[in-house]
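Only one chain is given next, in C-alpha cells, and it is the form predicted on its own.
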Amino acid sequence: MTDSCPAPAPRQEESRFRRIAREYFESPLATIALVVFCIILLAALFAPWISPQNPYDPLEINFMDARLAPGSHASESDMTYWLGTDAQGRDMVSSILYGIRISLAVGVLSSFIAMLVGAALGLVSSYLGGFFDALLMRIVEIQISLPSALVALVFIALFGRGVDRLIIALVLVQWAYFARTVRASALSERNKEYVEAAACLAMPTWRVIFQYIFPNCLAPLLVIVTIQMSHAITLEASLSFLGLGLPVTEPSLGLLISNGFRHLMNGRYWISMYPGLALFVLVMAINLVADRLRDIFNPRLQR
C-alpha cells in the first residue's frame, strides 16, 4: 500500500503591482530616495503646523533678527533659529518648508495638466493617423527643439507673472514630451488583436482609445511624469531666481535662493545655501525614483 502524496498547492501568480514594488525596493538607493521624497512631501503638506513660524505673517517676524547666523536665539522670545534668518528676519527653516510647499505644488500640478493634455493628443494622433498625426508630430518636434526656459520666458513676458500663468507656461514646455511618448506606445498597441476586436464590435472610437489602448501606455507615462516633475520644479526655481517666476508674496525655493545670493559675498551663506540644498535634495530624490521606474518598466535598461 503506497502513501498518497499530497497534491502541491496551486502557485499564486504575483500581481503586477507587487512585482513592481518588489523590483523597486531591490535597489537600496531608490528606496532611500523614495523615503526622502515622502518625508519632504509630508513636511511640505504639514508646513503650517510644523514650521516654527509663519514666515509671511508680519506679526510673527521681528526685523531686529535679520541675518542671524544658524543656531542664534530670537531677541524677544526663546525661539532658536537653527538655520539662521534671512534679510527680513524670517526663520530659514520655516521659509524652506513653505518654499518646498509652493515648488512642489507648482511642479506637480503643471506636470499633471501637461500629462492630461499630451496623453490625450498622443492617443488621438496615434489612432487617427494621417494629416492630424503628421501635423501634431511636426508641432511636437518644433516644441522639443526650443529651449524650455526660452518658451517660458517669452510666455511670462507676454502675459505677466503669477502662479496661474507660471503653471500654464510650464504646461506649454512639457506637453510635447507626453504626447510623443504616449503616441509611440499607442502605435505599438494599435495593431494588436484586442484593439481590432474592439473595433470590429463597432465600439465608439473614444472608448477604444481610452479604455483599451490607454491602460497599456501607463508604464512609460508614469516614468515621464516623474521626470518632468523634477524638470518643472527646476525650471520654476530658475525663473523665480531670475525674478520672472512666482511673485514675492509666494516665494518658492528659487526666490529664496535669489534673495540670499546678494549676501554670499558678505559671509552670510546660509540665506542662499540652505534653500539650494533643499532644492538639490528634492530634485535628486525625484530623479532617482524616476530612474528606478525606468529600469523596471524597460527590462533592456536594467543594470
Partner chain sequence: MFAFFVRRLGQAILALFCTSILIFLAVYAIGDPAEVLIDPQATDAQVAHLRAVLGLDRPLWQQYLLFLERAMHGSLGLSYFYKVDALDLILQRMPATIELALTASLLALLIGIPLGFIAGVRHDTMLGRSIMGFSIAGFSLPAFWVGLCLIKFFAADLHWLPSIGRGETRELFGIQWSILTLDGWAHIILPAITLSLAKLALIIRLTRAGVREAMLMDYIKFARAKGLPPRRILGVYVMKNILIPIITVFGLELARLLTGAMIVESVFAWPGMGKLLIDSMGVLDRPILVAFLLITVATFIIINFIVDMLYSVIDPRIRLGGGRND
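Numbering follows the first chain given and starts at 1. Model, not experiment: these values are computed from the prediction.
Omitted here: the form predicted together with the partner chain. The next part is about that form.
In the model of the complex, the partner chain sits within 4.5 Å of a heavy atom of L277. Using a 4.5 angstroms threshold between heavy atoms, M273 counts as touching the partner chain in the model of the complex. Interface membership of Y127, defined by any non-hydrogen atom within 4.5 Å of the partner chain in the model of the complex, is ruled out.
Although the partner is absent from this view, S238 contacts the partner chain in the model of the complex, with a non-hydrogen atom inside 4.5 angstroms.
For the options V154, L135, M203, A197, the one in contact with the partner chain in the model of the complex, meaning a heavy atom within 4.5 Å, is V154. Contact annotation: of the candidates A219, L109, V117, A149, the single residue with a non-hydrogen atom within 4.5 angstroms of the partner chain in the model of the complex is A149. The candidate site formed by F159, L242 and D291 is fully in contact with the partner chain in the model of the complex, as each residue has a non-hydrogen atom within 4.5 angstroms of it.
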